[in-house]
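We begin with a single chain expressed as structure tokens, specifically the form predicted on its own.
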């Protein structure tokens, strides 16, 4: 009997940590196989549909005979122009649709591919200690070194750029920022962005802003600021925007990177060797989402999220959680666990209450002791999930 051979894999894969949500998803599948329903509050996936006009546009486009061939590597000119119009309308930022806008298959692939385009062995990528896992995994795939920037509640979960070690500054090629933040929901001001732009200009670092939640803001606030509002930011900055959260189009996988033309060109080189763009009707629907979604639709959607946020904040003390400040935006509630560690809380929530939440330490050491709960859960299911959490952790 021959011994099965082990398939060799590249070192970059062998050394890549498992994506944090894989283990949660596997356990959820095990519970589902037992006939147990699990409420997923670990994933930031909107439960509500896009604006009706977006869906109608897609339905009409797929019936056209000219919509089923390959699209351009750079996306359609019409979609790029729509992104530029959106930035002008929302932020008064001018973008050249030919050189400063590049459509993406959602922002996640662009985040990883940008690092494949710009960094390699011997380079440093500066990553906030609480952040979307793709920043670190993309750097690992590019075989760059990750230097984490502490995010502490006493600083409003804002990385202190002045504390970055000199050696890291010298080797750094990329700095990642993400506000409104995943997982903490922290905001930053335009002044903070201005300081970050100045820092990156001084050290020849590309600032990559992941502004996935720019339109998911509460309590009457307008869109969260864009780093490109800082004067001359495009000399050293790019921004990732996505229709996933802003327009409830997570499964449509449509976004864009905008800003610095050299970075756009570099990312295009990688993407043109990897993918062939989107299904053309998706661009048509994306144009309508960007151009025709009303402020009223965004306010009403955000009000639904805010009501869920308020309900979780109200119930939190009775289910073993502390929330110091209700989130102003993003799709999450970041809560401190009382009386146990974050992994224990998440495991008990899943196995006993059948509610999946993300434990804070999966995002980094500074997340230890916290959990993240998504607001993308239907109202009635949220109430049921909170009741089950109360039965598991109930504090009377």
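Residue numbers count along the first chain shown, from 1. These figures come from a predicted structure and were not determined experimentally.
One more form of this protein exists, namely the form predicted in complex with a small molecule; it is left out here, but the text below deals with it.
*Asks:* Among the candidate residues 242, 282, 236, 185, which is the single one with a non-hydrogen atom no more than 4.5 Å from the small molecule in the predicted complex?
*Replies:* Contact residue from the list: 242.
*Asks:* From the list 260, 226, 178, 113, which entry has a heavy atom within 4.5 Å of the small molecule in the predicted complex?
*Replies:* Only one option qualifies, and that one is 178.
*Asks:* From the candidate stretches 310 to 318, 264 to 272, 85 to 93, 132 to 140, select the single one in contact with the small molecule in the predicted complex, where contact means a heavy atom within 4.5 Å.
*Replies:* Checking each option against the 4.5 Å cut-off leaves 132 to 140.
*Asks:* So in the predicted complex, does residue 126 come within 4.5 Å of the small molecule, heavy atom to heavy atom?
*Replies:* Residue-level check for residue 126: no, no contact with the small molecule.
*Asks:* Indicate whether residue 212 is a 4.5 Å heavy atom neighbour of the small molecule in the predicted complex.
*Replies:* Result yes; residue 212 sits at the interface with the small molecule in the predicted complex.
*Asks:* With the partner left out here, check for me: in the predicted complex, does some heavy atom of residue 253 sit within 4.5 Å of the small molecule?
*Replies:* Heavy-atom contact with the small molecule at 4.5 Å: present for residue 253.
*Asks:* Would you please decide whether residue 248 lies within 4.5 angstroms of the small molecule in the predicted complex, comparing each non-hydrogen atom pair?
*Replies:* No.
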